[in-house]
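This document opens with one chain alone, in structure tokens, the form predicted alone.
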């Protein structure tokens, strides 16, 4: 890769040559370049619909929690009218934070610097010396906390965007993003479990994102987990894979079964005969007609990992994970844990074991992954090594997209890098567009035919 592939002008950083979808070759400097990172905060996180909370986390008026959109800290709070507001945690007087607690319940938000006070909807409702010092010369309606441009909810999952031109949330998610969230609801309603697992890794956020589609590393990186029996090798990384690609970079990658396998499963369940298969424990969650209709004929056969672009992973362990950027060399991982309403005590114990021991700070799998991501980021920092390209070509031009009459589509194949390539192509689309209308007009469409 030549140095000319990353250039800067008045419009920002030009990354149009950083990824070649035709070859799968990627310029690794996108993981360490400070100017690219700053552009990502504006053009990706500043525009996208960002997951901020599940509605069950803040059920009552005054309940709040903190989150981030890129590096902007936001307060997510339920007001007295039961609406959920997302407010920048920055006082317009001197920029001080008005909330220091990670979560809680409050009547208002109070700036500890000069005492400006804000209601749950962000309105400025008072400040010391309003009559004597300001001489009643401040129009309070102009100096409230800055709200997100839009806040919307999909099946209890609340998202916010800072860009007023962003399309409606469900349009943004498309069928792929919605199915990814629906995976969590396949067995019924869920509720949030108190406490978010948080830890930081010395890696770029994009490496943590593209890994969730990666089933090539499982038997290598997680060999110790397979050896001690926490993972079953055949179950953890089956060769039969299904990749689903959606607009704006959403995707689902990982194991899946064919229509024929689905039919055989249905027949075995009806007759009570036949040998169990690796996919049985996933498929049994999707036996109800309501769930099958919700997921669709393709979605119900996928057992992979969804990513809601840019950085929300929906895991099969009743968890979702945000990969929050903390600079080009650091990422903070937030694991939100859920349980299905009506679970038995044994089911709750098993779910809690998986949530504590597979991913997160104490997870055997994420400890392996974190080491890899950190060293990959380090490899992109070297004066010479950062100029060397990375290869994302596995399966390129070797597979076909299958179109279902329902409108859903997928790639049914073996282990591959289709979803990783889609992620970086979409990333490049976001970085090239100057605004939402331009992104809507010019973003890559999910592929058809050969991929």
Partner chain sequence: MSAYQDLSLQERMLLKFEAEEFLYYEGGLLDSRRFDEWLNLLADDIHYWMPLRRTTQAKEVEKEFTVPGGMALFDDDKTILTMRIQRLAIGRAWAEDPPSRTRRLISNVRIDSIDEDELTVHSNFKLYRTRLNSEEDSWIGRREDTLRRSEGGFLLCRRHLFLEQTVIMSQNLSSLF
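What you see is a predicted model; the values in this text were computed from it and never measured. Positions refer to the first chain, counted from 1.
Beyond what is shown, the protein has a form predicted together with the partner chain; the following relates to that form.
- Proximity of 105, 228 and 364 to the partner chain in the predicted bound form is complete: all three residues have a non-hydrogen atom within 4.5 angstroms.
- Per the 4.5 Å heavy atom criterion, the partner chain in the predicted bound form is contacted by stretch 199-207, the sole one of 123-131, 162-170, 261-269, 199-207.
- The partner chain in the predicted bound form is approached by residue 64, whose closest heavy atom lies within 4.5 angstroms of it.
- Interface residue remark: residue 223 is counted as part of the site for the partner chain in the predicted bound form, having a heavy atom within 4.5 Å.
- In the predicted bound form, the partner chain sits within 4.5 Å of a heavy atom of residue 219.
- Contact between residue 276 and the partner chain in the predicted bound form is not found at the 4.5 Å heavy atom cutoff.
- Of the candidates 89, 316, 337, 211, 337 is the one whose heavy atoms come within 4.5 Å of the partner chain in the predicted bound form; the others do not.
- The listed set 296, 144, 325, 370 contains one residue whose heavy atoms approach the partner chain in the predicted bound form to within 4.5 Å, identified as 370.
- For the partner-free chain shown, 352, 353, 355, 356, 357, 361, 362, 364 of 343-366 come within 4.5 angstroms of the partner chain in the predicted bound form, judged by any non-hydrogen atom.
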